[in-house]
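Below, in structure tokens: the form predicted alone, a single chain.
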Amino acid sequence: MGIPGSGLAKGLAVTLRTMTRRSHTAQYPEVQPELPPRSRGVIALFEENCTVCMLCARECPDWCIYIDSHKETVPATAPGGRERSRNVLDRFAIDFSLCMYCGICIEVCPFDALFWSPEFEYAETDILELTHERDKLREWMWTVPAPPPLDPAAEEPKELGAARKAAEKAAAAAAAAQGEAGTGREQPGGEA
């Protein structure tokens, strides 16, 4: 056992230490906080990239993403071709009263249609108003920061190297074909 009253003395010592420090009060509404880069606020939608594949809604553990679409027939691009059908997005909504900000929907999106936005001021007085439709999600897209620059010392992605080699090979083949076509021409001024 320790000395009687030692716990009280330790508590008072902590109190005295904190009383002598200068307090730091965040003047929040007037002064915006300095957010860390790539912080998670809300989920923004880049509607042009959405193909209505429904992966985000299927993988969401809270089932807070609501998507409605309809099929539209696209005419053939070439004569004699066949018509194609595609999904057209009618409704894309996220219920932020259910969302737990896990980011699974952003990770599984194969077409980069969902992004983290650092926007965090979207409080509502009614919980039913926390379901934000695609217009609001599209507005948040403009607050998404640019991706961080690539490390200059990093290794080039294999896809870029393969694409560059294929482009160089195609350019060399085109130059060779052009050279052969230039030497095979008849000279003007022949027999009339």
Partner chain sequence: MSDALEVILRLLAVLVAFLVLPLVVGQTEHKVMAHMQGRLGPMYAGGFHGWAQLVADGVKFAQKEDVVPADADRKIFQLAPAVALLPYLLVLIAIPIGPGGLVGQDIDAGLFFVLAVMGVGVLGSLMAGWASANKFSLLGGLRSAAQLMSYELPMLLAAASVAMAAGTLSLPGIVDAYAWWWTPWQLIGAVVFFTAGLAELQRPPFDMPVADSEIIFGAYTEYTGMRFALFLLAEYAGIVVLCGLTTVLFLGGWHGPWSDSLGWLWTLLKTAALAFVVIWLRVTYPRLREDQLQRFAWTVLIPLALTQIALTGVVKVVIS
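Note that the coordinates shown come from a computational prediction; the quantities given were computed from them, not determined experimentally. Numbering follows the first chain given and starts at 1.
The same protein also has a form predicted in complex with the partner chain, omitted here; what follows describes it.
> Does the partner chain come within 4.5 Å of any heavy atom of Gly11 in the model of the complex?
Replying inline: Yes, Gly11 is a contact residue.
> Is the gap between Glu30 and the partner chain in the model of the complex 4.5 Å or less for some heavy atom pair?
Replying inline: Glu30 belongs to the contact set for the partner chain.
> Taking the shortest heavy atom distance, is Ala172 within 4.5 Å of the partner chain in the model of the complex?
Replying inline: Contact check for Ala172: no, nothing within 4.5 Å of the partner chain in the model of the complex.
> Do Thr18 and the partner chain share at least one heavy atom pair within 4.5 Å in the model of the complex?
Replying inline: Yes, Thr18 is a contact residue.
>> Please identify, from 61-69, 22-30, 124-132, 156-164, the stretch that has a heavy atom within 4.5 Å of the partner chain in the model of the complex.
In response: Only one stretch passes the 4.5 Å heavy-atom test: 22-30.
>> Going through 108-130, which residues have a heavy atom within 4.5 Å of the partner chain in the model of the complex? Please give them in sequence order.
In response: Heavy-atom contacts to the partner chain in the model of the complex: nothing from 108-130.
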